[in-house]
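To begin, one chain is listed below as structure tokens, in the form predicted on its own.
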């Protein structure tokens, strides 16, 4: 059996706990992967480096093509810039993919949610290009390029076709930001018309779209959008299915891919066996499917399906962490999944 090398970035806060749990599940499932550990963020500084994103970490991902990453803390309003943003830019991981679906055993207002958010990952306001013009005056730049808009929309339509999705809804604010959001609309229309007319396509002004999402999320299939919109929408959609503890994520480029849970590092509960590892485990199943697609390895897909079946069974049996209304800790939920493998 071929073994695939994956770079593991444990992160900080609850990161080491949820990544350790995920490694145990992958091992129990017989996933054909081996991990090499590298660090980023506060965890890198704690190990004596003077770089929040060491070259050794980036080089390892470039060498092996795949990473599984725990959450890294980003200070609010001060301090260093986001490690996540830096990593996406350095590796050109331009497509963020965040599936959101209802889970048996997790009761929410909606029980039939099945969405995918595809987000441009390198430009826009979220990229954090800010300057102080004078005392008390800050300018934040929203950059959009035709290259980035085209590659994201083309990638999204191709993804929809491969995953047999029926419709793409492009969320935008082009009625106000006519040039930047308008560029995304232009490229999406071209890709749809010329390359993927088989996929239903619609354009939705984002404020109206957010209202429609909370009224009836079943009206949407794939939501595609620019960077900042996607960050906000994906968290809103997580709330439709049980929260950030059950929503995985991927950052994908032409060469490399980094898989990570959508949630943050939650330092307030770190080390207390309280974190829900499911989003990280789900991200790992996305990683296995990615390896299966890129490297034509059926054993990765089989391991992914086994893990999905196991965590679904655990939830159906009422085995849940506290954020989902249960009583299990990180280790206990991990064991519940392993037992069902």
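Residue numbers count along the first chain shown, from 1. Source: prediction; values computed, not measured.
The next section is about a form of this same protein that is not shown, the form predicted in complex with a small molecule.
Distance criterion of 4.5 Å from any heavy atom to the small molecule in the predicted complex singles out 71 from the list 71, 124, 230, 156.
Among the residues 169, 180, 102, 265, the one placing a heavy atom within 4.5 Å of the small molecule in the predicted complex is 265. Among heavy atoms of residue 283, none comes within 4.5 Å of the small molecule in the predicted complex. The shortest heavy atom separation between residue 234 and the small molecule in the predicted complex exceeds 4.5 Å.
In the predicted complex, the small molecule sits beyond 4.5 Å of every heavy atom of residue 249. Although the partner is absent here, residue 88 is a contact residue: one of its heavy atoms lies within 4.5 angstroms of the small molecule in the predicted complex.
Exactly one of the stretches 109-117, 160-168, 192-200, 254-262 approaches the small molecule in the predicted complex with heavy atoms within 4.5 Å, and it is 254-262.
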